[in-house]
Every structure is written in C-alpha cells, then in structure tokens.
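Take a look at this one chain, the form predicted on its own, written out in structure tokens.
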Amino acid sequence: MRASSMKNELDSCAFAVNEFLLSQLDGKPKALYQASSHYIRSGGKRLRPFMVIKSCELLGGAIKRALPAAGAVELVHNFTLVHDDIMDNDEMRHGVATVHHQYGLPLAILGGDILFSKAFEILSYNGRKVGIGDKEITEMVGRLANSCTVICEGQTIDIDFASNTKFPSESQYIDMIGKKTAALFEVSCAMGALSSPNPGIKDVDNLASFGRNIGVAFQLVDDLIGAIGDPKVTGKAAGNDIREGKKTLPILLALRKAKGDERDKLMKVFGSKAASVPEIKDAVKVVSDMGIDEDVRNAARQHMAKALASIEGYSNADARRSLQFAADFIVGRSL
C-alpha cells in the first residue's frame, strides 16, 4: 500500500468519525458543547477510531457497524486529553488553545464529563441502531469502562515516577505505558472485533493483542519524539521531555549510557525549566549521538512484530494491509 493511499484511508475514516461525533456533540448550552468538541473540531489523524474500523472490517464488518465504537473510543481519548492538559496546566495542544485555557476550568471539566458520558451513550444506543447485539454491546461497555480504569492507574504510576527520586526500570516503564497509552489501543481493536458480525472470542483476543502491542510501540516512538524531536514536527520546544524531567525510556537509556561530560550535560538540563537554549541543544545532541533513536525504534519494532503476528492468519487482505501500514506509520514517525 502506498503512503498516499494510506493517507486517503486515514482521512476518509477521520471524516466519517468527525461527522458522526459532531452530530452527537450538538446541544445546549452551546458553550458546553463547544468546549467538549473543541479538540475534535481542531482535526487529528483519529488513529484509534481507524483501528476500530479496520479491526471490524478485518472480520467482515463495515464502517457503519464500527462507527459507534469508533466514536466512543475517540470521545474517551479526548476526555483524557482534556484532563491531561488540566493536570499539566498546558496552554496549547497541537497548535490550538487547550480547552481549559480557551473556555475556563469549570467548562473544561464539564466538557470532559460530557465526552465521558457520551462515549457510553452512543456505544449503547447507536450500537443497537446499527444492528449490534446486546451481548456484544454489554461486552464493549465493560471493556471500555475497564480501559478507563487502567488508564487512570497508568497515569497515577506516571505521576509517581515524576515525584520519585529513583528512576523506574525498563519493565516498570513498559508496564506504565501499557496502562496509560496501550489500554485504549487495545480496547479499540477489541471493540472493532466485537462490532463485526458474529465475532469469536479468539478473534477479539487476537485483535486486542494487536492493539496492545501497537499502543506500546506508539508510546515508545512518541517518547522518542518528545526527547529529541524537531520542534517543527512536534510543536513543542526542543528537548521538551528532558527539560521537563520526564522519565521516559529514551531518557532512561541515555542516562544509563552517558558518562563524564555527556552525563553532566544531560543532568544539567534534566528537570530544569530554567535551562538555557544552548544547554538544551547540547543535551539533545548527547542523546541523539548515542544512537538512542535506533534503540527505542528497535524496542518499538519488537512490539510491532508481536502485533502483526496476531493478525497474520486473517484473509481480508485489504483490512490487514491497512492495519499493517498503520503499524509501520506508528513506528516510522519522523523526529
């Protein structure tokens, strides 16, 4: 599949999901629904809904059957973004003002609540409208609710990492991102399978495994970009995660490898919001020169290989290729 073809597929799915969600987030008071739909209206690739739709198609379903689950997943994702921005007190997200900065803290909290409640509303009501059975809807509601719990656990572990003077091990870090990020990818693919006609337990498990491993790979690459990515690509300051003192795998590997002057340059910037631009550039160069990029991408590729092994036996070549290409895109994102 060519990159242009994949982009067209992503755009097509994103358009369908956006249109569906904006029809659901239209009500009064207007300001409340404007706040809740703020990030959806600002655009985005809609990777998680794409995973829902293609997982459904892999098992013989159509986009119409997948839309309620795809929409529910995206609403939960946006709900977590609103909360993350409030906790971090961020003013911008991907080039637009954060919800609490644009609409104020009370409306941001209420707008997030709308996103959370609407996710389960459209999953239940709209799922029935497209012919999904009550058994499958109940299973999807349970899985999505559980993923929300797991995400909160992962977020709390991440906060604990930040406040603890000790650095987590690589396995502790992978466990954390498995909860904080991969849980929503996992449930996306599981719900896509459950949206298909007559889904089997093994199919749901296979797609869930695909999603979980892709989610881990996604966060690994995301953290790499956060550490040494080009500000023109990331939209954030150079070395943002180093300056913020985030204990991500790229930074953990760099601190483990660095010796002498290299380590001094890293530690001078790590967690120092007062670090100068030249100091940050030096720290980013230290990490880049160590080959951390390849180390992290190799770890991501290992999870991608596990993901692809989960779906290799399915006969719907088009849907399988789309999921494979999405995996390649996630691991190959540029810095």
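One-based numbering along the sequence shown. Predicted model, so just to flag it, every value in this text is computed and none were measured.
Only in words, not in the display: the form predicted in complex with another copy of the chain, which the text now covers.
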item	value
Partner-proximal stretch of 75-83, 224-232, 239-247, 253-261 relative to another copy of the chain in the predicted bound form, 4.5 angstroms, heavy atom	75-83
Heavy atom within 4.5 Å of another copy of the chain in the predicted bound form - the one residue of 208, 176, 107, 183 that qualifies	107
Proximity to another copy of the chain in the predicted bound form, single hit among 164, 171, 156, 198 (heavy atom within 4.5 Å)	156
Non-hydrogen atom within 4.5 angstroms of another copy of the chain in the predicted bound form for each of 29, 113 and 134	yes
Contact label in the predicted bound form: residue 102 to another copy of the chain, heavy atom within 4.5 Å	no
Interface membership of residue 87, another copy of the chain in the predicted bound form, 4.5 Å heavy atom rule	yes
Close approach of residue 118 to another copy of the chain in the predicted bound form, 4.5 Å, heavy atom	yes
Partner contact for residue 128 in the predicted bound form: another copy of the chain, 4.5 angstroms, heavy atom	yes
Residues in 122-144 close to another copy of the chain in the predicted bound form, defined by a heavy atom within 4.5 Å, in order	124, 125, 128, 134, 135, 137, 138, 139, 141, 142, 143
